[in-house]
Every structure is written in C-alpha cells, then in structure tokens.
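Before any questions on how it binds or moves, here is one chain, the form predicted on its own, in structure tokens.
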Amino acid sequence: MMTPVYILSASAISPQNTFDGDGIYETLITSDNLKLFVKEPDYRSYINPVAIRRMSRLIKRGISCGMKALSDAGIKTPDAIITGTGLGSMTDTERFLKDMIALREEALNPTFFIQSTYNSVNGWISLQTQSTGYNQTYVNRGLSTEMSLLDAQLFLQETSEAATVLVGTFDEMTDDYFVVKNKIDYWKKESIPSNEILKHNDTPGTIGGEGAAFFVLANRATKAIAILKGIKMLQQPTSEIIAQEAIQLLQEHGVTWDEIDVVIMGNSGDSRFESLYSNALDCLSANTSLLAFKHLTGEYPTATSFAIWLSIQLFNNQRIPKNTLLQQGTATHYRNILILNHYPLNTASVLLLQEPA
C-alpha cells in the first residue's frame, strides 16, 4: 500500500488560463479544429531572456511551470526532481529528423537533438535550482504521470528526514503528430467544438491536447494543500477491473464510497472508452459530484496531472468550476476526490486525493 505524501504546491500550463489567469472558474477557451494548444504565458519571469531564444516551447513551459511550483512552495532547491512525459519534445525531434533528410545527414545542428531528449527539462531545472540530488524522467506513455508520482513516494519514504520532491509532467502536440495519430483513429473525423466533445460520445475519437503540470511533494504535512493517498495503475483495463481497483484503493485507506465527494473522470467523447467508468460510477452515492476535464485540455499521455491540479483547486476554493460539472452531488465540502483516467493505448489509473485535516 502506498504511503501518503503531501502536496505543497501545484502549477499548470494548459489550454486554459491555469498558469497566471483566472483558472477555469470564469473564462473557457475553446477550439473548433480538434486541437487544443496551451495558452503560452510570459516565460521571462522564470527563464533568462537570452536562454529563451534557444529553447523549444515545451522546454520553456516545463521550466517555468516547475519553477513556479517551487516558488509557490517556498522551496529553492528540491531534494529530487522527477518528471514524466509520453512524448518529450516533439518539436525538436521533428526538426532534427527533417534536417537529417534535408541535409542528407551532414552538417547537422546538434541543438535540436540535445533538446529533444526526454530529460532536458530536468537538466535545465537542476541548473536553475542548483539541485544535485536524485533526478529521473519516466517515459511510460499513458502512465508517465503515475510512475513519476510513485517514484516520488518511494523516494520520500526512504528517509526519516524532511524531504521535498519536484514532480512534473509535460507533453506537446504538433501538427505532424496530429496527422500521424489521425491515421490510427485517435481523433474525431468531424469538426466539433472542444467544449461540446463530451456530447458526441457516440462516435470514435476525441480531440488532441497538450499541457504541463508540476507539484512539490513532501513527507511532512506542514503547509500541505492536499494529500495523495494512493495510486493504482492498470493495463488492459475493463470496466470491471477499474471498479475493482477503485474499491480496493478505498478499502486500503479506510474510505467508503459515501465519503467520496468528487469523482473526476477522463472520459473524452470517444465511444470506444465511454463504458470504462460505468461499473465504478454504479457504486457512487448521491453525495458525489461527477466532473470531466478533457474537453478543457484534449487528450495527451500525461493528462492525469491536470486532473490532480484540478483536485487541488477544489480543495483550495471548495467550489466546482461550472465548465467541468457533469452531475451535481449533495456534498457541500470536498474532502475526498477520486480520479479515474484512461489513455487510448490500453492503460488506466485510479488516484485518491484528500484534503488535509
């Protein structure tokens, strides 16, 4: 059973105003071309303007998101940096491959190759924070977020001293990536406004998305804004398996279904995966509110991290964004939140978060 860890801060860059705007409580940003790109903030507050010129947009958003999370937690140098990504820097990878073709593998610029490696963001953050501790990147497709959190939990459990870990995820979408995934039916065939994608759950496919989210985790409850109680990672999930794992997770932590105030679901409007959550939802009581989020972010490997960020907003504000609400429950205070998410490559996860006492 996973030992609970404490979340001290959370930062997210997404297609919505989540980084330095009004969050998702007021303005909803939509798209009608089946793509949701992040709303790029001003990175100059977190990155040297001279260095920015050499960075891809993924690296800029990863560094800025991570540095903001550290700043919000009042941490200058974390004891470890752990990240997860399903794709890494697609922009730099594509540019390097295109140069290989155009230049016939001669006189290539190595910058794009160097920055396309999955651990580039970790390296930049380490340099800025002067962190020389444990540094790891997980590339586990749809479970990259969950693997990063699990590793952070293991790291924090190993020491009796107070310790902090910066955990982050990042993925980007490019036009070429969208085309490739379209060939294997990832996306809807018809143009649907992003805010209406969940209403079109009778056809295959969803909308493409991207985003980054970073959290500071600790093994002490001081200044905690949320508690990550447990994680279940699933391969080849079915509706029955997801329900069984959710039941087991709640039992391990002494939580009943009646005590679940909010369930955040990863349904994406794709008819092939709509039934994955049905058995778990049958267990819920009238107390529970149901929320969705992928019509705000689109589908990408580390989308679970946005659901975690959303959970923390609920704990902090005790108010559900109208843009996310599917079904209103009777609970008026949100203490226990269950996240159910899936990714098209046959993976799913269940996470339990709790408000600090």
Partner chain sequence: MRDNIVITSAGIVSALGIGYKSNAEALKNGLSGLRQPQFLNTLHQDLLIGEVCLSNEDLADKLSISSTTVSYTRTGLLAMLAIEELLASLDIAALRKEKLAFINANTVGGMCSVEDMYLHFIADETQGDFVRYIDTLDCAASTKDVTTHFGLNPFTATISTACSSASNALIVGARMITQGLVDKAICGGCDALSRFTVNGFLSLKNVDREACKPFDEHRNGLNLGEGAAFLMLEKEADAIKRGTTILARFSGYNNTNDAYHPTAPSPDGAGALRAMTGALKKANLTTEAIGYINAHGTATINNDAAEGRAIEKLFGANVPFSSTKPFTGHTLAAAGAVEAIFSIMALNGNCIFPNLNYSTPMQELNIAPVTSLMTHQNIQHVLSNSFGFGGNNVSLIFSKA
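These figures come from a predicted structure and were not determined experimentally. Residue numbers count along the first chain shown, from 1.
Below: the form predicted in complex with its partner chain, not depicted.
Its partner chain is not drawn, but in the predicted bound form it has no heavy atom within 4.5 Å of residue 204. Residue 252 falls outside the set of residues with a heavy atom inside 4.5 Å of its partner chain in the predicted bound form. Its partner chain in the predicted bound form is approached by residue 157, whose closest heavy atom lies within 4.5 angstroms of it.
Although the partner is absent here, residue 219 lies well away from its partner chain in the predicted bound form, with no heavy atom inside 4.5 Å.
Here the marked residues 279, 318 and 335 all miss its partner chain in the predicted bound form; none has a heavy atom within 4.5 angstroms. Here is the short version: of 248, 71, 135, 195, the single residue with a heavy atom within 4.5 Å of its partner chain in the predicted bound form is 135. With the partner omitted here, the stretch from 207-215, 89-97, 222-230, 259-267 that lies within 4.5 Å of its partner chain by heavy atoms in the predicted bound form is 89-97. Although its partner chain is not shown here, in the predicted bound form the stretch 152-189 places heavy atoms of 154, 155, 157, 158, 176, 179, 180, 181, 183, 184, 186 within 4.5 Å of it, in sequence order.
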